[in-house]
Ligand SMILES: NC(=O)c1ccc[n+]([C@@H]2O[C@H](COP(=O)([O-])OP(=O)(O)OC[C@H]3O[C@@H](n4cnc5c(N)ncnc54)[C@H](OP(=O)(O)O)[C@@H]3O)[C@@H](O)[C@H]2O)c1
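What follows is one chain in structure tokens, specifically the form predicted on its own.
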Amino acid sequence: MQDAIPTTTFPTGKTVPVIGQGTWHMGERKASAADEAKSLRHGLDLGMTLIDTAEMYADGGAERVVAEAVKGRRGDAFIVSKVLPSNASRDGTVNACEASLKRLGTDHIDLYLLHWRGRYPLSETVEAFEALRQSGKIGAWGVSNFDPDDMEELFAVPNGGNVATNQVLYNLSRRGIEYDLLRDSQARGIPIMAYSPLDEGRLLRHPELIHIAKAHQATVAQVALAFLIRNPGVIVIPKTGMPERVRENRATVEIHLTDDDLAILDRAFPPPGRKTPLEMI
């Protein structure tokens, strides 16, 4: 019997598994949409209930895939979606959310994020988020690709302290957030959502990761994910359209890295020794 997936809790009190499912690049081809939805449903069956998507992904196509995946079982899923910065004015955010709700086939989004900083003042976007939350159209709101200075600016606007998460690029080869952003977020009880946790597949060929994976009778992907979720308050959202990879991601919880493993990984992927600009892709 597999270990239960560890969980983390948002400031709202909502608890989610630390291994979720991403949808970037889903919905780009009609021919694969059914298989993608089937893969997401399989993840739901395995307890990976957090599904991350965005209006930007395939111009709404990924949200339509999610709609198919959760059809008849919306209560099993915790859906995260995002508004583009070009839509993030007071009225534009509300309109974008309504459009996402329609594509997702649901009456609420559990967590709604600003995808990255844009030209609209944060106060406008937060005002819209709060209105959506109070109307029940979203359960909570957060941000994505915010560095520590962005977060401080956010906390200073009215209701900015209600931010529930920050979704950022974080993986073994991109550890810059460990210098300050991760620690600050943990201190505030704001979970970090790590996108591209396998560095778009580039980590899968690294010799040190291959060596550790063999020692654990695991896959390289499992080692890379295990490294991230060992940190309190970190949620990973690997994307796959293949059920066998979904099962592999789920089994990451069985991998327990040793101190020696972590020392090897620190040598291969040195932690940041100074503040670095937040990376994005």
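All values reported here derive from a predicted model rather than from experimental measurement. Numbering starts at 1 and follows the sequence shown.
FYI, the form predicted together with the ligand isn't displayed, but the following is about it.
- In the model of the complex, no residue of the candidate spot (Pro11, Arg90 and Thr125) has a heavy atom lying within 4.5 Å of the ligand.
- Taking Glu68, Glu248, Glu28, Asp35 one by one, only a single residue has any non-hydrogen atom within 4.5 Å of the ligand in the model of the complex, and it is Glu248.
- Of the candidate stretches 90-98, 155-163, 189-197, 117-125, only 189-197 contains residues with a heavy atom within 4.5 Å of the ligand in the model of the complex.
- Contact annotation for Glu63: none of its heavy atoms lies within 4.5 Å of the ligand in the model of the complex.
- Taking the partner from elsewhere, Gly72 is found to have every heavy atom lying beyond 4.5 Å of the ligand in the model of the complex.
- In the model of the complex, none of the heavy atoms of Ala4 sits within 4.5 Å of a heavy atom of the ligand.
- Contact check for Ala221: a non-hydrogen atom falls within 4.5 Å of the ligand in the model of the complex.
- Shown here without the ligand, the chain has Gly22, Thr23, Trp24 in 11-41 lying with a heavy atom within 4.5 Å of that partner in the model of the complex.
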